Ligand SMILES: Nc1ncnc2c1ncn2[C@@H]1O[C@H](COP(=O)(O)OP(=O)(O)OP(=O)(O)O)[C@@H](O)[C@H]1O
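There is one chain below, alone, in structure tokens, taken in the form predicted alone.
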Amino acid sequence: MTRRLDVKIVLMLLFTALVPLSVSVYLVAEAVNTSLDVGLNEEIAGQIERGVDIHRKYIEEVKEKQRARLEHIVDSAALHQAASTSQEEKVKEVLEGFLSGDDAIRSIRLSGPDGRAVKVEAVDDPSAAPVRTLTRNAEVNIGPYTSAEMVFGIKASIIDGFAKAGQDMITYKALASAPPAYLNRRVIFVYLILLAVIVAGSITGGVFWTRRLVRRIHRLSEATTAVAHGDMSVRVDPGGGDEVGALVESFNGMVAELSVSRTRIEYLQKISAWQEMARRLAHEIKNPLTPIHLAAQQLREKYQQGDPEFERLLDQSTEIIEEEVATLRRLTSDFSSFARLPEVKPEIMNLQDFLEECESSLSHISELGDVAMVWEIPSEPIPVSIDRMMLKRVIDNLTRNAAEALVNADVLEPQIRIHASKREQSKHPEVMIRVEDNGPGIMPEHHPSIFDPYFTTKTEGTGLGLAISKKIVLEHGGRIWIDEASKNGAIFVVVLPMRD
């Protein structure tokens, strides 16, 4: 199932990715064709070429002006006059005048065959735009100097712009001369590679996420199958707080409620079966008891005294018969009471008032063995829907069992503690009543059977008290159990739903 679902999801991802991909490739191809038709034409190529020619002419004009400027300086009468004096300071003064009068000149140098040279340089301005330098040389006859060198500066943006315009013109001409299909295929190929990488990444992430999702759904499916076969103990790890996690949480809660409901129904069905059996037993046993009792009385009344030995035997036998008949009558009475348990008829009341009433009416239980009863009643009102008389029977049974267990227990201060409070950790509002004693407790091996009808560890009794108590609690929509974590004494817990 998991593999089939994986394949379906992957195919769905591929389909949803390839359809838009195909459409986008077609649209991009059409756009590229239109763009190439509009952008690659002779008119635009001519415009670019004319722009490059303008740059070239401008630079040639600048170079021509530099040559003219060089010829003007070397032919200057002031420079020749200063050079004839053979005084470098006067020559440098004249050169500095030319340098200061032209911002494009960066330096001027005059040199002679004997190694004599004079040079002046412009001071660089850090805030000025970057420049590219261009050197001009000329053969001169200025006094002792036979060569002149001038360095001119041109804005770097002009040179770089010219170089870039030339490169762009070459590139554009190459594109314009190439077949349109060639460019189209190149653009589509690059576009396809980019889309393929994106789609592959998306599908990989989608497959990873969906496999994780499918595994969680598969675990939920297996758990559902287990529940369908009657396993109510199965639980599924939510694996996250997303929608699937919320679904799993709801499933776990549903299974837990189903488990509680099934346990409640099974127990009530079992109790109903026991009640029917008790009713029949009571009927079958009760009918012959009266004739047996009457027969025993008639034997005693009709006997003619004469044999003391037989008379003593007759008295003993009839007394035994009457005692056993009385025992059977008590047993059938218990059976009848169990079979005729009234239906629970709850009404809304305050738990505080109910427990105070129990404290008042059950105070005589402490007299069974001088047992202290501690009632811890909540101070705040807690509304519950209960059958007051039936639930009081539960409290009576639990406290009476605890008192009877403490009678023969080796405990210095026997005590029964009845504690009631709200159950905070529950998802639904509930109240909890704990009946605790410090007696010998209940053996762990008896815990599973403690609520079964006719199960008892006492020498007397029918073992119906806890079974009846559990039936009453379940019919209230609650739960009852024995706290197995208790090490000292027995602790019975009754949980009931709160009401508005």
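In this text the structure is predicted, and so the values were computed from the model without any measurement. From 1 onward, residues are counted along the sequence shown.
There is also a form predicted in complex with this ligand; it is not shown, and the following applies to it.
S.K.: Taking this ligand as it sits in the predicted complex, is residue 402 in contact with it (heavy atom to heavy atom, 4.5 Å or less)?
M.R.: Residue 402: yes, in contact with this ligand in the predicted complex.
S.K.: According to a 4.5 angstroms non-hydrogen atom cut-off, is residue 441 in contact with this ligand in the predicted complex?
M.R.: Answer yes; at least one heavy atom of residue 441 falls within 4.5 Å of this ligand in the predicted complex.
S.K.: Should residue 431 be counted as a contact of this ligand in the predicted complex, where contact means heavy atoms within 4.5 Å?
M.R.: Taking the distances in the predicted complex, the answer for residue 431 is no, it never comes within 4.5 Å of this ligand.
S.K.: Taking this ligand as it sits in the predicted complex, is residue 480 near enough to touch it, meaning that at least one heavy atom pair lies within 4.5 angstroms?
M.R.: Contact with this ligand, no.
S.K.: Pick the stretch from 53 to 61, 66 to 74, 449 to 457, 470 to 478 whose residues have a heavy atom within 4.5 Å of this ligand in the predicted complex.
M.R.: Single hit among the candidates: 449 to 457.
S.K.: Using a 4.5 Å cut-off on any heavy atom, which residues of 477 to 500 would contact this ligand in the predicted complex?
M.R.: In sequence order, 490, 492 come within 4.5 Å of the partner.
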